[in-house]
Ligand code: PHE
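In structure tokens, the next block holds one chain alone, the form predicted alone.
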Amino acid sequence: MAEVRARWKGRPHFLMAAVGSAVGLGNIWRFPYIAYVNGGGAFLIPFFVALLTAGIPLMMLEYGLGIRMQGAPHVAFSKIKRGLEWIGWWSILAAFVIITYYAVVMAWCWNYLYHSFTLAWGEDAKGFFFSKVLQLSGGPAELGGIPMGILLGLLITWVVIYFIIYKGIGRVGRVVMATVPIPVILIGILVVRGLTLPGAVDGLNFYLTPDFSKLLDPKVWLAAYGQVFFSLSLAMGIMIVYASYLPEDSDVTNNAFITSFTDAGTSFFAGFAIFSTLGYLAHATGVDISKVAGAGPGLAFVTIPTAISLLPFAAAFFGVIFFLTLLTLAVDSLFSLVEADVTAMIDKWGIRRERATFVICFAAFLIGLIFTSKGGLYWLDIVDHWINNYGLAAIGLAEVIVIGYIVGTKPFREFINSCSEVKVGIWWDYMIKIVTPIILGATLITSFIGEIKKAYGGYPMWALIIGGWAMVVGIIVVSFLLMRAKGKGGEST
């Protein structure tokens, strides 16, 4: 760890950066869909229960680790016990895997921002996305060439990310003061526009009408915990790194509450923009709304563009606004992931920030070429599924076990309370030691059983082994190797 650690210029910079990391693409295309398929308005009940019982306690845990240990995740866990350093590297490597394909999604957004000015997708948004932009091949075995538009978008993404973070958190702090409020404003514009469209009420009813019978389904509760866990950027090393740049007496609980509730509120707010627009699409096409609501990239790059092209006026303007929103949401999340990796390299080997940033960005760019290929979407889907359903959940489980049963929740809670305005009680101990481990363990077991019953996405088994199981196991193996590697002092951290 560097002798003089960099510091945020103020608490607002830290909070903006943390919120920017948590609020990303998943808020605008994953949460609304997850809410719809899991009970609509009723889903808010398990969602906020999950936020209070797992999301916020885990956020406090990671903020507390960063502030107390004053280092990247591998430093934090090695200070707890030398043999635990690999857990920190595990989260850092998971973050690296994510940036290799998250940047490619940003590349898609750059392309669509350009095409929005002319609504180039026309009446066939699906064909435009899959055939013209992605030039999608027949399967994961057919990588094909690399579409030049996506390659250019990827290059722009990494140049932007490099220049944001290569000078350190001082520049990051200044950037997030602009990039975090902008998408909220843009989402607000989309909400106002959506609510004025015919059919908007039907869309909001579709989004919010509660189906309380869904609350009896355990899968709905697991979905709520999964959404909260992944939406808050937990288990990726980000929050530990960001908190490590705070003074050692910084508040933990208030920062955790502010970050978590801002992320949840943004997700809920974004749903109004998405489903009012889908209601209009259903109204304009005469199709039942249950058949126009899509999930994931299909929602953002097919369904919404289709609705935009049908707007009665200023369609191009709102197309530009929508994809600017996606870009501004994505950029904060991406550079926070990169920052976690860069800080880990600096803390371990004492590498100059400029060099560490270049190494991470260039390596991620090269690996990302796989996901830009004509077969890249298949590999992106596979890797994303495994890193989220197994990698991050397992890392989170390891974190709560370490704090709950090795460090001890009572001394850790006492540290949190010693520097926080809002004190947490013994309930936090039960969440970390019992509730969260059970939920994360159940998520892992449920996902694994699902893989056994049916091959994910209908992909061939060899592709799932390479992009799924081998990738997860490889991360763990490399984590142990990095733990044993010599650091800047000649020994492992």
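Residue positions are given as counts along the sequence shown, with the first one as 1. Every value quoted in this text rests on a predicted model; they were computed, and no experiment measured them.
Just so you know, the form predicted together with the named molecule exists too; it's not on screen, but the next bit is about it.
Segments offered: 128-136, 67-75, 228-236, 248-256. Contacting the named molecule in the predicted bound form at heavy atom distances within 4.5 Å is 228-236. In the predicted bound form, the named molecule sits within 4.5 Å of a heavy atom belonging to A22. Proximity of G40 to the named molecule in the predicted bound form: non-hydrogen atoms within 4.5 Å are absent; the residue sits far from the partner. The named molecule is not drawn, but in the predicted bound form it has a heavy atom within 4.5 Å of L337. In the predicted bound form, the named molecule lies within 4.5 Å of some heavy atom of G26. With the partner omitted here, the residue from T266, T179, S420, S333 that has a non-hydrogen atom within 4.5 angstroms of the named molecule in the predicted bound form is S333. Screening W221, W379, W158, Y102 for any heavy atom within 4.5 Å of the named molecule in the predicted bound form leaves a single hit, Y102.
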